[in-house]
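Next up: a single chain in structure tokens, the form predicted alone.
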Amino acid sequence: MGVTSSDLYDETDAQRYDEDNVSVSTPEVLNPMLDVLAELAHAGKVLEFASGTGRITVPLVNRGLDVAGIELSPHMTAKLREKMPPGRLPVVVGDMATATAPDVGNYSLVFLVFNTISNLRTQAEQVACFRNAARHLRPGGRFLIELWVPQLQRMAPDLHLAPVQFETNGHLVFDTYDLASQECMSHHYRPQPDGSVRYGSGRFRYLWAPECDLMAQLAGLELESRWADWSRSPFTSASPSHVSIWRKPEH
């Protein structure tokens, strides 16, 4: 396993993960994403960086794709194993910036969704992640990321805090930013059945779409498409997120 600055999801995190992310695991949310990923794969090999509990990889395998994963947390991988055996979905436990999956150099698609590149909290590691994706791709293959656009305009003056999410189930999210280092901490408040509130936090390094393009260029990849969402809406200065695809040249 490589050395990474990412927070390691422990056993408690892994047990809670699927329940905490029910709202982004419905068919209405997943199917547009799965359609795009299957189309880009062109029936070739697919690799997910940060494969987690299999929220995306398992349904892709069920669609008939040849899928593998790299995941830092053995606890998250153990949850995936409850859903699908290694023979159908191999997963390497390691750092997505450095770990090597089987059949390196032969993947049609490497993807990294749900803002997870920000889990790497240094620019150098994020650059290494792009290079690792390029290393796994065959010529003509594609690297896709889904990433939020930091909502700095929402920050209260002098507080460096921005509201991010207010769900109907009462789940609240606030982000705090260090503008000098591009570090971010997300603060989650989830109501519990007993009336209490469970607090959790995660540390990230945010990055901008043009910064991603430079990282891709350093890895020898070329920007092919950028959308605001999985429905391929145009990406604009008002978009809160983007889905970006870079292609490895044929020669």
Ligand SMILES: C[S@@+](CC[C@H](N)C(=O)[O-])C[C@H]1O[C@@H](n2cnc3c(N)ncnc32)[C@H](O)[C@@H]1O
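All residue numbers are counted from 1 along the displayed sequence. Keep in mind it's a predicted model, so treat the numbers as computed, not measured.
As for the form predicted in complex with the ligand, it is not shown, yet the points below apply to it.
J.: Using a 4.5 Å cut on heavy atoms, which of 221, 184, 56, 67 is close to the ligand in the predicted bound form?
T.: It is 56.
J.: With the ligand left out of view, choose which of 46, 50, 216, 60 has a non-hydrogen atom within 4.5 angstroms of it in the predicted bound form.
T.: Of the listed residues, the single hit is 50.
J.: When the ligand is placed as it is in the predicted bound form, are 108, 130 and 145 each within 4.5 Å of it, taking any non-hydrogen atom of the residue?
T.: No, none of the three is in contact.
J.: Within 4.5 Å, heavy atoms only, one stretch in 118-126, 174-182, 154-162, 134-142 touches the ligand in the predicted bound form. Which?
T.: Correct option: 118-126.
J.: Contact with the ligand in the predicted bound form for residue 235, defined as at least one heavy atom pair within 4.5 Å: yes or no?
T.: Contact with the ligand, no.
J.: Is residue 6 a contact residue for the ligand in the predicted bound form, using a 4.5 Å heavy atom cut-off?
T.: Output for residue 6 is yes: heavy atoms within 4.5 Å of the ligand.
J.: Just checking whether residue 94 would be counted as a contact of the ligand in the predicted bound form - the rule being heavy atoms within 4.5 angstroms.
T.: Because a heavy atom of residue 94 falls inside 4.5 Å of the ligand in the predicted bound form, the answer is yes.
J.: Using the partner position in the predicted bound form, report whether residue 149 sits within 4.5 Å of the ligand, counting heavy atoms only.
T.: Residue 149: no, not in contact with the ligand in the predicted bound form.
J.: Note that the ligand is not shown here; using its position in the predicted bound form, name the residues of 71-100 with a heavy atom within 4.5 Å of it, in sequence order.
T.: The stretch 71-100, when checked against the ligand in the predicted bound form, contributes 71, 72, 73, 76, 94, 95, 96 at the 4.5 Å heavy-atom cut-off.
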